[in-house]
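For reference, the chain that follows is the form predicted alone, supplied as structure tokens.
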Amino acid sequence: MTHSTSTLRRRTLLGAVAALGATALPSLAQSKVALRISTPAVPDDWHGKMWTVFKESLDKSAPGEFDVQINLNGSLFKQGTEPAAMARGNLELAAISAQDIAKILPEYSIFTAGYLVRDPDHQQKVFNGPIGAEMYKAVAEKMEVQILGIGYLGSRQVNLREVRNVKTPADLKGVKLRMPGSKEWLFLGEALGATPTPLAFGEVYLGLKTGTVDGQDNPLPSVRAAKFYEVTKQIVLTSHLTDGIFIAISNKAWAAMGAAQKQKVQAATQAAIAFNNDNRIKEEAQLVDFFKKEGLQVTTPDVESFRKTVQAAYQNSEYAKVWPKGLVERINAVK
């Protein structure tokens, strides 16, 4: 073999290796697990910011393994359509409500009932225990999504365009109260004594400004984040629902992961939930003063009157008929 032939062969071999490397690079990039996230949350809200914590946690624990894509403001899928998108395989992760789940699993309407889950601590204990395990299993089997945990959305309060003397549910008669569009939400609005009016979250500010609706109900941090205080004059501290949002991943995406990846995604979820809950609880405690400074009247009604009226409405409703027997008592017994 001549020197020139040997050199030529070496060059050919090196060229082949380089070409192989070039073709391998895109396939390495493609092997990242894409996690598309859709949420109606606005950027300033804690349950919008928590997805950044989720992404940062995964980037740290599994560098280069995941491609986390965060889509806020309902820009990828509209609120309420995420579960169907996940079941179809068009979306990996979303924050979904009990109301969304109740459309498929009617027994979940128990978590839309007013005055049942007492506070954020009670919420975590209920869902991190046997009750949560049972309820999450049903979701995985019937909705093709796996629930990874629940974040605290705050205690929902009534926020009115004009000042009213509200002591009992009777005082909300005739008030067009914006509620999300599902029948569970509308029932809650009615149980509170108001005239529930469905409206997408993104349309609420303008609806309040123009008088399409007379009020809306949301936790205080959401009222500030969405700037509803600019177009309302009163907050009534009904504390009628300890609200939560379930972080869910499609069964397809979950099944495709190895055990180590699942563990990292679960840990990132818990980090996101802890961030959201800690900041939301802290903020709620500070917000009454903030709204007063913004010129809003903050009033406290006869909460016991609301509790009795709302619970009676649920107990006499179609919802109570589909709730698993003894579940109300089991939730109440969680300390």
Ligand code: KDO
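Sequential numbering from 1, following the sequence displayed. Keep in mind it's a predicted model, so treat the numbers as computed, not measured.
There is also a form predicted together with the ligand; it is not shown, and the following applies to it.
Of the listed positions (153, 160, 220, 249), a single one reaches within 4.5 angstroms of the ligand by any non-hydrogen atom in the predicted bound form, namely 153. Of the listed positions (215, 189, 83, 180), a single one reaches within 4.5 angstroms of the ligand by any non-hydrogen atom in the predicted bound form, namely 180.
In the predicted bound form, every residue of the candidate spot (41, 45 and 185) has a heavy atom lying within 4.5 Å of the ligand. In the predicted bound form, residue 201 approaches the ligand with a heavy atom inside 4.5 Å. Residue contact with the ligand in the predicted bound form: residue 239 places no heavy atom within 4.5 Å of it. The closest non-hydrogen atom of residue 97 lies within 4.5 Å of the ligand in the predicted bound form. With a 4.5 Å cutoff on heavy atoms, residue 79 counts as touching the ligand in the predicted bound form. The stretch that touches the ligand in the predicted bound form, counting heavy atoms within 4.5 Å, is 45-53, out of 45-53, 284-292, 297-305, 270-278.
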